[in-house]
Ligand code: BEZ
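Take a look at this single chain in structure tokens; it is the form predicted on its own.
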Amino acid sequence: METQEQTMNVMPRIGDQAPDFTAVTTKGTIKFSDFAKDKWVILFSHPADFTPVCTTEMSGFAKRKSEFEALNTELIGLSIDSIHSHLAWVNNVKNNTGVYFDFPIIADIDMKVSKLYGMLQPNESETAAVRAVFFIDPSKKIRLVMYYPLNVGRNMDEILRALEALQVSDENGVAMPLNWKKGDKVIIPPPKNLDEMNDRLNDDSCERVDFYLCKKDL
């Protein structure tokens, strides 16, 4: 039989299908496989309600929700708190700052979803989820994973940059260089045989460092 420690250490990997679940959220009960059809999803966890770093992060997601929507992406948060705690926290932050967490937040009081997604990491905490971010495409495949410790907040610019990079890469069949952002040149996939290599060496339509590293504008 699988031990509790083994269950807690399950960590879905890039390329895996996102584990399905049904959960109570601040937007009602959802079944993940039916959530956000034909859209990307950013699933992210925070350690606890009514805590300072988490409040700044959740506010960051809320303030930039329209940017995620523009990228055909839905947000869904999670912490190991009750639905009553979530609702009270959402209301508290709205009253104090005017920021409204207008996206579902999973009340993972039984730690079911946290365990499915490897958000409980015993050497950090056995009762609070680390700051995980899962980028999940419309086919419900995990495309990128970020993990942060309890005491370091995430970078919202990087989350949006990475999301857009994934989408542009998929749409155009290209790769992204260091620090890529919208409008920058992209990397053309390297040749797969000698004929393609020779064609690449004679191609003046791209910015060529060598046959294996060529950039172009989209």
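This one's a predicted model, so the numbers in the text were calculated from it and none came from an experiment. Quick note: we count residues from 1 along the sequence shown, nothing fancier.
Another form exists, predicted in complex with the ligand; not displayed. Remarks below refer to it.
- Although the partner is absent from this view, N172 stays clear of the ligand in the model of the complex, with no non-hydrogen atom inside 4.5 angstroms.
- The ligand in the model of the complex is not approached by L166, whose heavy atoms all lie more than 4.5 angstroms from it.
- Not displayed here, the ligand is approached by L150 to within 4.5 Å at the level of heavy atoms in the model of the complex.
- Within 4.5 Å of some heavy atom of the ligand in the model of the complex lies at least one heavy atom of V53.
- Stretch-level contact check against the ligand in the model of the complex with heavy atoms at 4.5 Å: of 24-32, 43-51, 61-69, 179-187, the positive one is 43-51.
- Heavy atoms closer than or equal to 4.5 Å to the ligand in the model of the complex belong, across 95-132, to one residue only: R131.
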